[in-house]
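What follows is a single chain, given as structure tokens, in the form predicted on its own.
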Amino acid sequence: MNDMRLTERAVDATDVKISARKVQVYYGDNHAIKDVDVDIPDRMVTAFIGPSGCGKSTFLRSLNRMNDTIPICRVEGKITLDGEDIYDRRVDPVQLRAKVGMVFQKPNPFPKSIYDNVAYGPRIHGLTRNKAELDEVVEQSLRRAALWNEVKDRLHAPGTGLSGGQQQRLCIARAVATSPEVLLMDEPCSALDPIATAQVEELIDELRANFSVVIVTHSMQQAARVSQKTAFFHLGNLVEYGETGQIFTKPQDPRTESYISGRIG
């Protein structure tokens, strides 16, 4: 029996994409994230849930060093991507963000054409050698974002002219255009109507075939629908982390149980 457990653990270890150990995040004197340990698996959707202000978005932003852009923010502890410390001084945050893409709460297309929104990342990172290759990346990214058929005849129209749901899928296309390995999504559906939300959720399910996806959501129903793993944050602590089904049906911690049943939050 012990051998079996060891084998299972060994298999699990090889599938870890991002690993966090003893992570603390401070905004000045405010201790926003306390002692977080978590292993995020590859090619799965991991959901971060919890009440507003519990630290889930702050922790998400520490996974691609977006917190570096906030002068009073400091991160302690260790976060690795494929075993490499992302806070090592030799790591270029711009290159890291090409590998760990991000989609924000409010759709934020650049004031450029649909084509140029998607082509932006591959251009600045020098990922394509000519126009034909760039055209291919743009088409593939828009297909991955389930947007190609809707925009293929107006690629040079402004991205800001799309509907809210289309703009968010354009931002997803922009994020996947640099061939990232991880996709971080910070409440990607909170500004969308139910139909656009359903389209983005379906897309998230498809994206996990190629990416490790981490989604912050205020909607427990959404977490239950799209994720395989769920982490519950409360007051800056990671209270509980496990299989999504188990978190929602048999939580181990009374605080998780209270949140799931609507008594806190």
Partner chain sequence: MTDAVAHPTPHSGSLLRQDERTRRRNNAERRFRLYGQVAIGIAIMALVILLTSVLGNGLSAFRQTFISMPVTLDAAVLDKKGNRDPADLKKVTTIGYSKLLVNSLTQVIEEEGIVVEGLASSDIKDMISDEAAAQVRDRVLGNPDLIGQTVDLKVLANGRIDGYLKGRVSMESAERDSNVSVNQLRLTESLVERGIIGKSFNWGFLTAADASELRPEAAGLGVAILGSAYMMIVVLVLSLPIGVAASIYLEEFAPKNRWTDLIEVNISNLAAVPSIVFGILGLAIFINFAGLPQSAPIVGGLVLTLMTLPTIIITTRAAIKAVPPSIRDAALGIGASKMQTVFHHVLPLAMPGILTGAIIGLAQALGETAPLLLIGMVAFVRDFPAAPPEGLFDPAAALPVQVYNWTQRADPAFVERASGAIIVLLVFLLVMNTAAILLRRRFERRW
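Residue numbers count along the first chain shown, from 1. Only a predicted model underlies this, so the values are computations on that prediction, with no experimental measurement involved.
FYI, the form predicted together with its partner chain isn't displayed, but the following is about it.
Can you work out which of A196, C54, I204, M66 has a heavy atom no more than 4.5 Å from its partner chain in the predicted bound form?
Exactly one residue meets the criterion: M66.
Can you pick out, from Q140, T80, N108, T128, the residue that has a heavy atom within 4.5 Å of its partner chain in the predicted bound form?
None of the others qualify; the residue that does is N108.
Heavy atoms within 4.5 Å of its partner chain in the predicted bound form: which of the stretches 187-195, 167-175, 143-151, 80-88 has them?
Selected range: 167-175.
Might K112 be said to contact its partner chain in the predicted bound form, defining contact as any heavy atom within 4.5 Å?
Contact with its partner chain, yes.
Might I124 be said to contact its partner chain in the predicted bound form, defining contact as any heavy atom within 4.5 Å?
I124: yes, in contact with its partner chain in the predicted bound form.
Closest heavy atom of A132 to its partner chain in the predicted bound form, within 4.5 Å or not?
A132: no, not in contact with its partner chain in the predicted bound form.
Look up in the predicted bound form whether K229 has a non-hydrogen atom within 4.5 angstroms of its partner chain, and give yes or no.
Output for K229 is no: heavy atoms all beyond 4.5 Å of its partner chain.
Quick one: name the residues from 74-112 with any non-hydrogen atom within 4.5 angstroms of its partner chain in the predicted bound form.
Going through 74-112 in order - heavy atoms within 4.5 Å of its partner chain in the predicted bound form - the hits are V94, R97, A98, V100, G101, M102, F104, N108, P109, F110, P111, K112.
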